[in-house]
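The structure tokens that follow cover one protein chain in two forms, given apart as structure 1 and structure 2.
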Structure 1
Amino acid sequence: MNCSNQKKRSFNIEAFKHKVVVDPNYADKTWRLLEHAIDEIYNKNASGLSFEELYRNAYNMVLHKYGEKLYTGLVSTMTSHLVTMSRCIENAHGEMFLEELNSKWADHNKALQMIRDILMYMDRSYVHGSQKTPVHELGLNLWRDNVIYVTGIQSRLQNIVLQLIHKERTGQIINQGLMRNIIKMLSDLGPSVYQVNFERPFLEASGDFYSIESREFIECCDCGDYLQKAERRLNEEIDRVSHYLDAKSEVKITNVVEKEMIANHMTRLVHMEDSGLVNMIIDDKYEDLKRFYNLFHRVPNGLSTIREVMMSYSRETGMQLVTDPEKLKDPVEFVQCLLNKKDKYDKIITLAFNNDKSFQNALNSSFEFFINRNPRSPEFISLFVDDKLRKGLKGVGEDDVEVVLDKVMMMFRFLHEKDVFEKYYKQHLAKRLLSGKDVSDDAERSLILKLKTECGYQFTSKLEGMFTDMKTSQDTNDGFYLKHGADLGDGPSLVVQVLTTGSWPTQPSATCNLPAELTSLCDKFRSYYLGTHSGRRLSWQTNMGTADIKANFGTGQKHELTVSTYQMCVLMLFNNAERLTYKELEQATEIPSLDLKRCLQSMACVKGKNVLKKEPMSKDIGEDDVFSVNDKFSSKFFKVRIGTVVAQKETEPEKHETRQRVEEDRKPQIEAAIVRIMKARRVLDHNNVITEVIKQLQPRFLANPSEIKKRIESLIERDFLERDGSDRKLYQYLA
């Protein structure tokens, strides 16, 4: 059968002929059923209701275009019930007011949930389409308008809630669960209800409460007690928020406490007599200081207030230290006091101030300020190092040595005149190396490595050269005795340290007449050394040497004395004379007067080391004094070390001489900096040259602008720079 030729059929769908007639009273009847159901729900008789039937009835009303009737009927019925509820709440007395309010709120919420379930279709279709308020939100708004905003309830609710909070603040127990429900009710009704009816008056009342309380506390408490009370109040408010307030209120209420208890009394707390910040620092009250920091951290300018007071106090006490004549008498004690002071503040910053970098920077600034107010700080720090590396670190563990060295480096960083420290450190290191008095080569090298890391290779290259010379000298001595050892016989032995002039501190070549036995030995060494090293010169630095000599005293006592070269020259003269005057000793040895007096003082005036007798006996050496061997000298030690009495600090002439050498050494450094800057910039005005030179040289020393100006003039004279023809304050670099 051919389907393509078959005629196609068409289908038409006609309208339903039977017309559905809706009962004219349908809407009223259905609403009465729903209204009755709502009444029963509010009356707590909902158990006999068919929610399925009620949902269908509400659904049909909306379907048949009676959504408006259903919605307005709902508003009217709910309003009626809420008005009844509000009367019950108003009639409640005393503590029952909040109980009744909470109970009726719970009933309304439960009823609202059931009603929303019944009218779910109306919510989804009619309410959405006509832009009405959804059922749940409508129920909250009606509760707000017909219960909370009722005159007899609104002010009463606010007053009772604030009274309960006041009671809790004064130590009384309240029903926190009930408070939580009431506050949550206000919060659920919307931010404006919560803020207007509770939060704003709560914050205002809190401000008044803490303003009065803080004034009372500050009059009767010391600073530590006051801070404890403030901290406790702050924690109480934070706990109160977690127990029954809205979480968003935490920042606001803590701001009120901080303002009234901390910010408004900052200055008085910090400067409180006998218990303020300074007293806490003096007494190391870490817990109180930590509380100070944590509370002041919360208020504007709080930390800066603490920081300024700490900085001011540390500067004041630091200036007292660096200007105290008694402290300046002992350089080692002076530096130890600085270290103790720094340790004290570091501990406070670590334990109490949360390792705050701004506090550490402020402290460093204070130390830098007052340490450099003492022009002898570089010398004193070097003397402190010298003391520790000579004897102060004996028996100390490696880690503890590093701690001491790190503290030294910390002090070193504060110095403006690091080149002055370098000058003294080089002198002291030279004496330690040549006398063999350093405790540990490792400690010496560790400190040099730290200085190298801090200041660069140039700063320590000469110091490292000194160690190289010591090693080379040992090899040279071995070579000398290998060649001439057999010729020397039983005479005196000689150990020579050959020092490179540029590496070691400049020493005036003091004349000294060595004993004849040593003079020939020195000549042999000179011949050997110059024979193996061509083009070199040797000059003896007898003021830097030491000697071991055997001594026999009248009592039969035999000792080996370790003395300086100068002392050895003096003692050897008594082999041929029983008594010698100061003048005779000076003439025979040609030792400079100051050095001769020091070495005689150490051998005649120091108890336990007095191998010589002096007439007349006194602490000082006079030019008319007469000396002889002390036949009664005795010591329980066979080896007796007799040090030279030296001033630990430089004398004024020595200090002046060192300062002159430093100033001379700075000149080429300033000139080099000027040339580097001008070479890079080609043309630069005077003020900028000064600024950049100071900045470039700051790691080593603070360059004096007047000295920079002199160096510029010198460079102009030597054709490194020239002044601009039209502007004399402008310099040009000449290639």
Structure 2
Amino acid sequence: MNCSNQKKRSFNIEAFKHKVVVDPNYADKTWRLLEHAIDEIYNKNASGLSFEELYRNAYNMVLHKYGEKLYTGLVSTMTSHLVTMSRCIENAHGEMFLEELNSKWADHNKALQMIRDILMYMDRSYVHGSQKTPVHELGLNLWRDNVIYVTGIQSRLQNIVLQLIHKERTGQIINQGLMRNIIKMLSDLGPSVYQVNFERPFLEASGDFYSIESREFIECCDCGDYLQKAERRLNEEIDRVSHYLDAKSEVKITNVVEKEMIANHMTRLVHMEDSGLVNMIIDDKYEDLKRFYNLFHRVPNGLSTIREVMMSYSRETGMQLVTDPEKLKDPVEFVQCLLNKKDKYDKIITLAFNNDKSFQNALNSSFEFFINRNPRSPEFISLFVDDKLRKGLKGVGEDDVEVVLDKVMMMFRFLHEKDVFEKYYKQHLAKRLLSGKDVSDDAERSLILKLKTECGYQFTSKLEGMFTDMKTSQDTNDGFYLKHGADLGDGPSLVVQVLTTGSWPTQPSATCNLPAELTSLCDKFRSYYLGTHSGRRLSWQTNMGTADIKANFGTGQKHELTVSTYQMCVLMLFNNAERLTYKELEQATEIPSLDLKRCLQSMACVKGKNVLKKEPMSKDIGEDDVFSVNDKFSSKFFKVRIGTVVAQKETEPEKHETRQRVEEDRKPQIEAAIVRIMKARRVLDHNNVITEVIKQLQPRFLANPSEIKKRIESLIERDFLERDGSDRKLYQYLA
């Protein structure tokens, strides 16, 4: 303890007593040194200066609290140099002005750099502490105030720059490097300087320029040329920005061009006579359309304008197509036209409109609109398929078949009345299957598969049933001939197709009287079939069959005739009679008169197929006509096909009848939908029931509100629903 006390006493630290004597002129002297250095720097004479010495001096001045003196000195010295410079620049004439400005700016920048290095300590401590502008920024500000904002320079600079840009726009070459430096200088001086002294006037001048130019162009160019020019201008401006403007200006200047060149002339361009959008669509000008799309893409409402025009044009032409009575004569041609039209627009959208979804939707909606404006579209589309599957696809590769079928499916998707299509499709398919031979099984099945994926199992189950029937019938026939083949001799042979009621579009029709040769055979088949399938009922659909018969004509000609069952019945009668009147034929066969007339017409009135003679000769069949075998019949073919059951456009009454059947079929579907909805909701108001039902049935057909209403009333009557006691618009479900 003691020891340490003693030690403590022996250390005494004395303060440093030397007085620092400051030269009262120190500040002035040092500043003069520095000022001289700055002058030298501006005079590009800096090589003899010692950076270390200058830095130390500046450092000491700041350290000895002469920072302010140093700072104000710097300001006044630099200002005086800049004033000199600006006078020089002002005196420069013509083209030299920019050059001078540029070189002086470079000098100033270089000087500023050095000065900042020398005064680095001041920047860090004094400037920071007293919240002054740092040296570099100070230099820029002084340049701005003493050079750029000088009256003789400010407006002159602006004008010259704008003039040069104008020159470049009119195709002359300008010194882009110089421009880049000048513009860079302006943006270095701060965004506000760039904007006020360059960008704003530049945009205004550009607006004026393009407004005038676009007006000139639009008067003398067609739409395609105009767009080409507009596109070029736009690219030029983008290039200009990348060459010598501030990147931020790109959006602004392109906006100006877009507005002046495109937005202001949008309607005029689109509707330009002989060369507008519609003409481009007509002529499939993909390049022009692409340009149209790309340019209009840039302006507000541009794309919607194009879309509207495309939609209304496609609608209009579509309406013309579907209402053209000429086109309606040939269903296949009609559908082919629709497909071609769709292809055309699809191609345009893919090639020119960037596969834009909104364009595709617009196109689809306009197709949906006009296809459904023709109530026969479902029938015609089915006929088209029929035609293609019958003959068109022969020799066509499998992939191409798929392409055609896919296109058909696309059309199908547009249909509102899918149930009507189904009805016709079933009819036509039945005819294809029953007429046998040239059905392409793969294509048929492929289409049914497509329908199934599109509309579900219910839609196609019956169609598939038809195929199954065909297969089973084949087996049944084989079985029949295996069993009875031996005792049938060489009489006529019978091919029976057993059609399940309900799956096929059979109509309850009176069976005609078959020739005696056939009746026994038919009876044999009947007993064979019922023997293996007890409890079933067979009825002959003689209106749907076909027959191949051998005929020997008076001239010794032998032919094999392919005819319908009805025609066969008629022809067989002539085995035992020379001449038969219409009445006799009708009596003997009991074929319905309309069908009889039709089949006689095709055997007696068609050239090259007139196996019968008719008296008197005329186009139509009369009740009193007399028929006999045409002994002079000749044909270069051995096999003659007469009035085969090719699906044809329906006649007016047939159409009407189909329509009625469709309406009848819809009733239970609508009722089922109402009940389904009401069962789930228990209570629902009238309007919601209607909308829900329409929504639910949409995939099949468009339900008619008044029909829905009738169904609701019928359901009320049958106690499925009742009206609410207090609100008559409200329905309640009665379990």
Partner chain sequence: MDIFQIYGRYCEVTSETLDYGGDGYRPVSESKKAALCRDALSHLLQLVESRLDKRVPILEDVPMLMSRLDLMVRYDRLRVADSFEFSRFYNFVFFICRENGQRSIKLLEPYKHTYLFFNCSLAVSRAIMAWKLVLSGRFRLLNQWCSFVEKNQRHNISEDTWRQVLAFSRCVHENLEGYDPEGAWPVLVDEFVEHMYRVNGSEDARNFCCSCSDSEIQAIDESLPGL
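C-alpha atoms forming the largest set that superposes within 1.5 Å between two forms make up the rigid core. What you see is a predicted model; the values in this text were computed from it and never measured. Numbers given to residues start at 1 and step along the sequence of structure 1.
Legend entry - Correct structure when looking for the form predicted in complex with its partner chain: Here the form predicted in complex with its partner chain corresponds to structure 2.
Legend entry - Is_shifted R232 between the two structures (CA, 2 Å cut-off, rigid core): False for R232: its C-alpha shift is below 2 Å.
Inset, instruction - Using a superposition on the rigid core, decide whether the Cα position of T562 changes by 2 angstroms or more between the two structures. - result: Yes; that C-alpha moves by at least 2 Å between the two structures.
Legend entry - Yes/no, F369 Cα shift of 2 Å or more between the two structures with rigid core fixed: Moves: no, less than 2 Å.
Inset, instruction - Look at the Cα of L585 between the two structures with the rigid core superposed and state its shift in Å. - result: The shift comes out to 3.2 Å.
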